[in-house]
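For reference, the chain that follows is the form predicted alone, supplied as C-alpha cells.
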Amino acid sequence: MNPLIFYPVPDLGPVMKGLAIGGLAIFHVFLAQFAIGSGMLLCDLQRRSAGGRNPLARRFSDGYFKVLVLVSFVLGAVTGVAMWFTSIQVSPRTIGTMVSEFHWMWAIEWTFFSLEVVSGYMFYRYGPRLDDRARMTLLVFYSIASWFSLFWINGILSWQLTPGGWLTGHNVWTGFFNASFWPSLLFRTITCTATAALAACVLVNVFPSVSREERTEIIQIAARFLAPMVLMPFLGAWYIAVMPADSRGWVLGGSIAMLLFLTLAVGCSTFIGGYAVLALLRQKLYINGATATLLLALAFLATAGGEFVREGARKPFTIREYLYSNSIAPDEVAHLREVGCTSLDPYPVPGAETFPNLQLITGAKVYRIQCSVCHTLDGANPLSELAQMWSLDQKRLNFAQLQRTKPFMPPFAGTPAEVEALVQFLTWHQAHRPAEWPESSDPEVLQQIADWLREAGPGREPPGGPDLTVAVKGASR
C-alpha cells in the first residue's frame, strides 16, 4: 500500500466535477465516432467513384471531408485537450494509473492518431488533385488509423469497468483484452458507421448543385452503413452480461438514473435503426435535411445515454475494485481510519479564516477529499439537499456506514473525529454558515461513530456477498 497522495483539488462551484468531465467526454466521443465512421464511408464512396463511374460520389467526398476536418479535427482536438486537462484536475490518480499501466498502449494509440491526422490533412489539401489510386490510399490509411486509435483506447476504457485478471497480476494484456473489450469495440464500431451515415444524410441535403435524384443516390449509399445497427441489441446484451453483477443490477433498475439513461440510449437507437431499416433500406425513401438532422440529434442523445451508463456502472470505482471514485484505494481505507485522511493534507481550505473553529475546517477538508468529486454543496448532486432531512445522528450513521447508506458509495476513509467534523461542517453549511458554531467533541458520540465504522468494516460487503476489499487486498499498489 502506498501512502495517500494529495493533489490540489479544484473547486468548480455548482458544477459537479464528474459532470464536467462527462459533458466534455460525450461531445468528444460523438466527434470521434463521426471521424472514425467517416473514414469507412469515404473509402466506399471513393471505390464507387473510381474511373469516373460516379463523379457525384467523388465531389461529395471532397465536400464531406472539408466538413470532417472543420468539425471533427478542429473541435475534436479542442474537446480532447479540454477533456484531458479536466480529467487530470479532477482525478489525477486515476489518470496517472491509466498512463503508468498502459503507457505503451497510449504510445501506440498516439502513433495511429498521428497517422490519422497526417493522412487526413493530406487528403484535405491534395485530395481533389490526386488520381483515384492515391486518393484511395490516403483514405485507407486514414480509415485504418482512426479505427485502430479506437481499438487501443477501447481496451483502456473497458479495463476500468472489467479489469478482471489484471487485479491479481497486473498483466497489461490481461487488463487490455478484458471481458468487455470485444462487445464494447464492436458496438462502438457500429456506432461510428451509423453516425457517419447520418452526417452524410444531413450534408447531402445542403450540398450545392445536386438534384433530388442525386441526393437520393448518396443517401442510399450512406444508408447501407446504418444496416449493422441490427446487431446492436445483441452486442448491448453481451456488454451488460459481462458487467460485474452489482453494476448490472444498477443499470437494469437498481439505479433509476442509470436505468433512465439506458432507456434513452436504447430508445433513440431503436428509433434510428427502425427508420433506417424500414424507410431507407427497404422502401428506399428519400430523407430530407430536417429528418436527417433529427436522427443525428437522436444519435447524439443515444451516445450521451450510453456514455453515462458506462461511466456510472463503475461506481463506486473509477477503476473497478482498485481505486474508488474519490481516488482512495480499497486497501487504504483501514489505514486511513486510524491516521485520518486530513492529517497529511498540505493544501489549505479557501476562506478558512471565516470558519468559526478548526473542526469545521477539518470537515471542509474531509468533504473535499471524499465527497467533492461526485457532489457539490449546493449545485449539482448537492450534499446539503441529499442530507437535508437527516438528523445529526442520521448523518453520523450514514457517513460512518456510507457503503450501506448507498451501495454505489465508497466506504468512509477516516477517523470517527473526521466523520464528526464532516457532520458538523455540513450542518453548519446548511445553517447558512453562522459566525458562531460550537465544536462537537462528546466522547460518547465519537465512540458511537467508532462502533458504527467498525460494524460496517472498511470494505464493500453487499448483502450475502463477500467483502470485495478482502478479495482484492494486495492487488493495488
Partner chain sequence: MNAPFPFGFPGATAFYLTLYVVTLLIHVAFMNYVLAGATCLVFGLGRGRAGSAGNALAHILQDWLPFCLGLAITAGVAPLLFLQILYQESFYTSNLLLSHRWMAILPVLIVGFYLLYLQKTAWLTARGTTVVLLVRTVAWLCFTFIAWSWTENHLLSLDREGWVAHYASGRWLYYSPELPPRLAVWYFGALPTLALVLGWQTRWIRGESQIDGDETVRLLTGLGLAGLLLTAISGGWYATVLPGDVRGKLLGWLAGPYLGLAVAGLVIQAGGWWLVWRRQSLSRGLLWLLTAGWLCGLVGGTVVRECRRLVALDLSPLEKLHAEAAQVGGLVAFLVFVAINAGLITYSVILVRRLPADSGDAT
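Every value quoted in this text rests on a predicted model; they were computed, and no experiment measured them. Numbering follows the first chain given and starts at 1.
If you look for the form predicted in complex with its partner chain, you will not find it shown, but the lines that follow are about it.
Self-check item: Contact flag, Asn288 vs its partner chain in the model of the complex, heavy atom cut 4.5 Å
Solution: Although its partner chain is absent here, Asn288 would stay clear of it in the model of the complex, with no heavy atoms inside 4.5 Å.
Exercise. May I ask you to state whether Ala431 is within 4.5 Å of its partner chain in the model of the complex, using heavy atom distances?
Key: Answer no; every heavy atom of Ala431 is more than 4.5 Å from its partner chain in the model of the complex.
Quiz item: Is there a non-hydrogen atom of Glu101 within 4.5 angstroms of a non-hydrogen atom of its partner chain in the model of the complex?
Solution: Answer yes; at least one heavy atom of Glu101 falls within 4.5 Å of its partner chain in the model of the complex.
Quiz item: Would Trp152 count as a contact of its partner chain in the model of the complex, using a 4.5 angstroms cut-off between non-hydrogen atoms?
Solution: Trp152: yes, in contact with its partner chain in the model of the complex.
Quiz item: With the partner left out here, if you bring back its partner chain in the model of the complex, are Tyr7, Ile88 and Ala107 all within 4.5 Å of it by some heavy atom?
Solution: Each of the three qualifies.
Quiz item: Looking at 234 to 242, 402 to 410, 323 to 331, 171 to 179, which lies within 4.5 angstroms of its partner chain in the model of the complex, counting heavy atoms?
Solution: Correct option: 171 to 179.
Practice problem: Would you mind picking the one in Ala279, Val78, Ala227, Ile361 that has a heavy atom within 4.5 Å of its partner chain in the model of the complex? | Solution: Spelling it out, the residue with a heavy atom inside the cut-off is Val78.
Self-check item: Interface residue in the model of the complex among Leu301, Ile95, Val210, Leu186, criterion: non-hydrogen atom within 4.5 angstroms of its partner chain
Solution: Comparing distances to its partner chain in the model of the complex, the residue within 4.5 Å is Ile95.
Quiz item: Which residues, if any, of 101 to 128 lie within 4.5 Å of its partner chain in the model of the complex when only heavy atoms count?
Solution: Read in sequence order, the residues that approach its partner chain (within 4.5 Å, in the model of the complex) are Glu101, His103, Trp104, Met105, Trp106, Ala107, Ile108, Trp110, Thr111, Phe112, Phe113, Ser114, Leu115, Val117, Val118, Ser119, Tyr121, Met122, Tyr124, Arg125, Tyr126.
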